[in-house]
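Taking the form predicted alone, here's one chain by itself in structure tokens.
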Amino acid sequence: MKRDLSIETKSLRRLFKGIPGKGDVVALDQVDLEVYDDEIFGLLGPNGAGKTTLIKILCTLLLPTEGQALIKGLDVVKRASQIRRIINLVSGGETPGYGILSVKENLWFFSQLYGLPRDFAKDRIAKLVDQLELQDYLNTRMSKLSTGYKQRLNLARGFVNDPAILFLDEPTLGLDVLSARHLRTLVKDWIRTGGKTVLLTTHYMAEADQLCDRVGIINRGKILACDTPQRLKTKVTGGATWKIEITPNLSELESVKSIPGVVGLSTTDNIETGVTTLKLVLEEESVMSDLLSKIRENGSKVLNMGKSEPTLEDVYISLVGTGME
């Protein structure tokens, strides 16, 4: 059964003028992408990979240099005004409205920007306030809200026009665990209403794994892989994934990355214990002897090590070569 496309890009390219003499900066390079109805699609990549540039083009905030981008079959360049009525954008850390206005006033203001009928707008706002547990803050000025509740207001603003396509650009950035979980639950419930699409960018691999039907990994403006999280994980099972705990941390990380057979490496430092966890994707297990020798040469001691089941982070590391920045 053929699925309807919500988002489609064809050979999409975006250049930014660079420093004279050094050439233009390629933010997007021949991006071909398809996102379907009733899908939560995740876009993963390091800072500067092109994620936000792509979202801005799809939201009609930025023109492409070459290629084409379509929203529900509408060209983002030629049909921008129609597209803006059926989409919305929520960015993590973004000010969700006007500080001097209350929660209720902000939501009413944005509902009227979308031209929602009075009764429909009231019902819509009441439902969102209930879903996001904003009842006790209706008359609170936005500037007085905590970070978590500002983001709840931000999400309510994103849902206020009941968009066909919702763009979430790192929506849980800076949120506590409970607030982030509440937001993810709301997104999953909303997508089940049918005929909706979410394009999500995030730096949290577990979030993408939990939420997304499919994910695309982008780096240096190119889509490196696109599939379901499970299928992407199976693609790295040919190699070996390892976790190694060492102390103190490595002084020469690049020397480890340069070992033949090390496909990718990410590190996590525990400041309290002084332990560094290396997560590696290796072409084969025989690489381990060279790796351990290099760790000892750098004056570090191995505390614990073992193989691990492949995760979405392993896929990311194997394609990009390093963890999220």
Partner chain sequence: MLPKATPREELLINLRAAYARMWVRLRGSNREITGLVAEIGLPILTIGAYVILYRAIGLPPTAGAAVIIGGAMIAFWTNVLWNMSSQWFWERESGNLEMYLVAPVSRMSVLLGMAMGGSVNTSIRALGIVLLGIFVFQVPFQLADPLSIGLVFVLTLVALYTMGMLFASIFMLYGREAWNTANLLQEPVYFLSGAYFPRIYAPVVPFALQAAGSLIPMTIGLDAIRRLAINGEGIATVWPHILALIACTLILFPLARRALNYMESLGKKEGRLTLRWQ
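Residue numbers count along the first chain shown, from 1. The shown structure was predicted, so the numbers you read here are calculated from the model rather than taken from an experiment.
Omitted from view is the form predicted in complex with its partner chain, to which the following refers.
Taking the partner from the other structure, its partner chain in the model of the complex has a heavy atom within 4.5 Å of a heavy atom of W108. In the model of the complex, none of the heavy atoms of S143 sits within 4.5 Å of a heavy atom of its partner chain. In the model of the complex, L173 stays away from its partner chain, with no heavy atom inside 4.5 Å. Under a 4.5 angstroms non-hydrogen atom cutoff, its partner chain in the model of the complex lacks S266 among its neighbouring residues. With its partner chain left out of view, the stretch that reaches within 4.5 Å of it through heavy atoms in the model of the complex is, among 256-264, 36-44, 62-70, 285-293, 62-70. Checked against its partner chain in the model of the complex, the residues L113, A126, L178, A206 give one hit for a heavy atom within 4.5 Å, which is L113. Listed residues E245, D227, D162, E94 were compared with its partner chain in the model of the complex; E94 is the one with a heavy atom within 4.5 Å. Contact with its partner chain in the model of the complex holds for none of G194, R214 and V281, as no heavy atom of theirs lies within 4.5 Å. Of the residues in 83-102, those that come within 4.5 Å of its partner chain in the model of the complex through at least one heavy atom are, in sequence order, R84, R85, I86, I87, N88, L89, S91, E94, T95, P96, G97, Y98, I100, L101, S102.
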